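What follows is one chain in structure tokens, specifically the form predicted alone.
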Amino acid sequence: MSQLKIIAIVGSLRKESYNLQLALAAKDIVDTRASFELLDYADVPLLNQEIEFPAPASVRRVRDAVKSANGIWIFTPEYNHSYPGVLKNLIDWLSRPASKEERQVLIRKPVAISGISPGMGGTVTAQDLLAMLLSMLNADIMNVPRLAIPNAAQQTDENGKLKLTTSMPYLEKQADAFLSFLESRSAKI
């Protein structure tokens, strides 16, 4: 079997976001067991049916990346008890078929969800709402285990870099579970 390919989607576009740092930690854990690529979608425009067909090049690029992956791992912050608007916009584009002959790329696509937040609640509400949205789009969500890390500042160094002092074992457990989840689905194809 060829190497598994994971596309990581970070719900924050901030260059040093905790969720980007969490995604990079996950990449280090997965390392040689799977290809792990961060999806760059900062150039994806707001969904507008006036420009839907043909889709902008940036939209075609992210659709192709997701389509070619064995699975998606989303790392999301929580904004006002929900997921960020940039993430919703990306999912809206991914939920639209590229043409009348094609289906949208999220159907049956395996998805894992993680998140870290400076607040006490972690990203539980955002993850639940995201799982509900993705479920409605017929994605294949790995609901257990999910990882919602609260109080991010307690797991950073003096420069604000994420260290995951107490959460690393949970990220490792989720990574192992997601790889098994992907392998079980890839074997069915």
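All values derive from a computational prediction rather than experimental measurement. One-based numbering along the sequence shown.
Below: the form predicted in complex with a small molecule, not depicted.
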{"item": "All of 14, 19 and 118 within 4.5 Å of the small molecule in the predicted bound form, heavy atom check", "value": "yes"}
{"item": "4.5 Å heavy atom contact, residue 103 and the small molecule in the predicted bound form", "value": "no"}
{"item": "Heavy atom of residue 77 within 4.5 Å of the small molecule in the predicted bound form", "value": "yes"}
{"item": "Contact label in the predicted bound form: residue 108 to the small molecule, heavy atom within 4.5 Å", "value": "no"}
